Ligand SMILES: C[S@@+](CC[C@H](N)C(=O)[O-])C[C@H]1O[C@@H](n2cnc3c(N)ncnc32)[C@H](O)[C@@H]1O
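Below, in structure tokens: the form predicted alone, a single chain.
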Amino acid sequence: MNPDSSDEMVDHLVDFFDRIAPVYDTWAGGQHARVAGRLVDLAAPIKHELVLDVGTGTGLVAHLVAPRVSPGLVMGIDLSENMLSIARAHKTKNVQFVGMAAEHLVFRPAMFDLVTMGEALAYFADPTTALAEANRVLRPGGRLAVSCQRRSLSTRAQDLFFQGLAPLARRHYLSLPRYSSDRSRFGEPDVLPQLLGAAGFDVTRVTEMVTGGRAKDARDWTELMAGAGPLPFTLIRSLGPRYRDELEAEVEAAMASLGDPDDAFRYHHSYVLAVATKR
């Protein structure tokens, strides 16, 4: 079975987002909100527009778009009910949130002026179909705004940590579904425009956003990395106190192996953002 289309993978991702929902908005000091704000500025929504936010999560993008398009309407869709519950708790009169898959939009063709996908494309069961659906529901000349994490700008510390996740899973007899590795390149500045072009869009702007910092110790580091995706989250949260202590000792040793103390516990959060118009 193709792992990119397996029900098991979708269930795993929905479970991850359901579990991380309460801390999603505060992760890394509000990093997701910063990316959402940058994406909305790039998309430049205007009054009276009808907007679809695909993979809306806690509604960060949708709630920022809403006042800009008012009295226009924003629709936010997602598969995680816990994320949607948080999105609905922030009352905004011209936003509606519904459970829906990106690959199976119920909306009629040429309905929306703008479609946004904030940090969502790499998580869809079928990104190609999701982009095709976005194209279908956009009016001619309508805009698509997408943000994707750029993993190639990870620090040496991040690379070392993520390289150790698969061996860690094997040691603890954990077998987790994973998407194919090509998705890790979705956020590259030479890849995202190609994906959008192949889906029938003309890319009008591409920009990057890079932030970062340093964790203070191994516990702080593993807490931060747990929020970086379903694999580290599931692994780290599955460890009892003893194995968590062992992991943190391994993290300390790995950081020391980097040689330069300035590299230890340093991380980058890097994203590529693109806006494109429907041909």
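Keep in mind that this is a model prediction, so the values were computed, not measured. Note that residue numbering begins at 1 and tracks the sequence as displayed.
Keep in mind the form predicted in complex with this ligand is missing from the figure; the text below concerns it.
Annotated contacts: L13, G118 and Y123 all touch this ligand in the predicted bound form [non-hydrogen atom within 4.5 angstroms]. Contact with this ligand in the predicted bound form, judged by any heavy atom within 4.5 Å, is made by just one of L79, L195, V137, L168: L79.
Listed residues V203, I86, A157, A101 were compared with this ligand in the predicted bound form; A101 is the one with a heavy atom within 4.5 Å. This ligand in the predicted bound form comes within 4.5 Å of no heavy atom belonging to R38. Of the heavy atoms in L60, some are within 4.5 Å of this ligand in the predicted bound form. The shortest heavy atom separation between R68 and this ligand in the predicted bound form exceeds 4.5 Å. With a 4.5 Å cutoff on heavy atoms, Y267 does not count as touching this ligand in the predicted bound form; it lies far away. Segments offered: 87-95, 71-79, 137-145, 186-194. Contacting this ligand in the predicted bound form at heavy atom distances within 4.5 Å is 71-79.
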